[in-house]
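Take a look at this one chain, the form predicted on its own, written out in structure tokens.
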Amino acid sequence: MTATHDSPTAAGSGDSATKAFRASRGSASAGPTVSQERVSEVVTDLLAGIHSTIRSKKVTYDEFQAAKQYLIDVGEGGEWPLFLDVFVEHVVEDVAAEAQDGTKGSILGPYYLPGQVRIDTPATLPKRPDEQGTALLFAGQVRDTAGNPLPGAELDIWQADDEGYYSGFAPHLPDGNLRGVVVADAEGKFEIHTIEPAAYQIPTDGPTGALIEAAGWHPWRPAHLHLMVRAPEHRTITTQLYFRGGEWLDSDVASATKSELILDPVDNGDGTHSVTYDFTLEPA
């Protein structure tokens, strides 16, 4: 990120991410009921892994107390969505992908906001009049696993701006900036006019950043477009598309990049770029 604006604080971003997550989950009773047997099975293995690490690494009481304080700080800072999305979600997504066909998925991340404006294709994402960045045309088609087009498929898209900021999580950006739900045409085709997003670092002034610094890791994510692609009677795909040649592709802090999700930008010769990508949705 550049220094043009004050960076959003980890606390502010964490609070926004927590509110967005709770809103997306609805009431506390939403979702399937998990049996006692399943809770016992998963939690027992999770605790066994922690116990094994403590024994094998000879964790001291001082380190244990520091870890306890750290977990408290993550909660009080509202950073559990950020922490879990960066360090854990990619493995959950990998497990889910084992039983899925169609386009490869990737992590949702903490910056999704539902209820964005619907725009028919060809679409231009909402942006500021002076929006900076290289103009990008993103086009493709949505089909089912048999190759049939899915008319009216929806592409819920969100992205960072040219400085790596997301609307809804950076105070200087208008609500809905570079976000929208694009509706494909009768052949499942879409054209989206936007700008190329920047690579960005996750907020580092909170406990998640403190862990990254303490471990000597870097906090960067490669530039990417976020998408949820959906159509009636088909499984929704949540994914991210990256840009070949971009920084941090091989060392994404969230470990979310996949070779199948890397775009090949074409220079149109007029200062703009184009990319194409087709999506395949499996039956629900």
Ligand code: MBD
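All residue numbers refer to positions in the sequence shown, first residue = 1. Bear in mind the structure is a predicted one, so any value in this text is a computation, not a measurement.
Beyond what is shown, the protein has a form predicted together with ligand MBD; the following relates to that form.
Of the candidate stretches 115-123, 175-183, 82-90, 145-153, only 82-90 has residues with heavy atoms within 4.5 Å of ligand MBD in the model of the complex. The partner is absent here, but in the model of the complex a heavy atom of Gly109, alone among Gly188, Gly109, Gly105, Pro207, sits within 4.5 Å of ligand MBD. Ligand MBD in the model of the complex comes within 4.5 Å of a heavy atom belonging to Gln240.
Within this chain, Phe138 is remote from the site of ligand MBD in the model of the complex, having no heavy atom within 4.5 Å. Taking a 4.5 Å heavy atom cutoff to ligand MBD in the model of the complex, the contacting residues in 212-244 are Arg221, His224, His226, Gln240.
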